[in-house]
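This document opens with one chain alone, in structure tokens, the form predicted on its own.
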């Protein structure tokens, strides 16, 4: 891995970027060029035709991820039909602008089409559908997408440390019931002891078969600190690494909603996962602020937001194993925060609705 430039040099470069009128040189992308760090954003294909959106994305980031275009309901809308039109737009855009591409996500309990959720498939049928989906999507972008969020948010918030009840786990599920300790794992043919996250393992193996060169990540919310959920994920990743399951990284989403983050715990958590030999990516960062009826945050809160972005970036930079920082979108004009919180929160990203850099930038 390349040596990273000292953090004070990166910070100084970043401070020189923002002005009252927008962005000055160098861009975030240029500031990170020699740091060994990837700086990315989730993007929407429909907005690529907007000049300010496209130019800001290409100028500021060296990595991009489809925000929704690779989720099942869009990419696999019918049982026998895949639609890569939206994701192809983003991948083609990234290729033209020399950007790395993350794929998100192969398996999630949300945004699935009705044919899948209401299909009443047997366990064998569901496993076959899932395997074919993973291999079709990963195979379509073989050699182009460098990293995949293979499984997203499999662990429960209400019962930390446990897998959530989902189509993949138990409706009807693609793993054996507890106690079925002698069934063979189809992808290896070897007997195994029952593990509650068996379906996750199978997904990683299938993705690896489709593109052995791609980096494979498990992605999760509310697991960036040391807590029961991250403890359970840590145990899973450690088990995978010990048994040769092809997992290369952990993604911490880092959606922050209360202007507070336990930096010490985040630092400790990144360190312990990196010690397992996996990369850490911050994959979906945003910092929501209280906003008025016009969607505007106070100057004081914008400065507090900037402090959080700075501290989390500094923490990532301090660990060689933390190799990427990505925000969930980049302009407040197209942010999920304002659309999901009845407009009491917003202003969560690096650029305002007019693409002007904010203090966090």
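Numbering follows the first chain given and starts at 1. Keep in mind that what you see is a predicted model, and the values were worked out from it rather than measured.
Below, we turn to the form predicted together with a small molecule, even though it does not appear here.
Participant: Residues 67, 108 and 255 are flagged as a possible site; in the model of the complex, is every one of them within 4.5 Å of the small molecule by some non-hydrogen atom?
Facilitator: Affirmative, all three are within 4.5 Å.
Participant: Identify, from the list 248, 201, 267, 153, the residue with a heavy atom within 4.5 Å of the small molecule in the model of the complex.
Facilitator: Checked against the cut-off, the match is 153.
Participant: Only one of 205, 71, 169, 133 has a non-hydrogen atom within 4.5 angstroms of the small molecule in the model of the complex; which is it?
Facilitator: In short, 71.
Participant: Going by a heavy atom distance of 4.5 Å, is residue 284 a contact of the small molecule in the model of the complex?
Facilitator: Residue-level check for residue 284: yes, a contact with the small molecule.
Participant: With the partner left out of view, is residue 44 within 4.5 angstroms of the small molecule in the model of the complex by any non-hydrogen atom?
Facilitator: Yes, residue 44 is a contact residue.
Participant: Verify the contact flag for residue 102: yes if a non-hydrogen atom of it lies within 4.5 Å of a non-hydrogen atom of the small molecule in the model of the complex, no if not.
Facilitator: No, no contact at 4.5 Å.
Participant: Can any non-hydrogen atom of residue 328 be found within 4.5 angstroms of the small molecule in the model of the complex?
Facilitator: Yes.
Participant: Want to guess which of 208-216, 272-280, 223-231, 145-153 is within 4.5 Å of the small molecule in the model of the complex, heavy atoms only?
Facilitator: Partner-contacting stretch among the options: 145-153.
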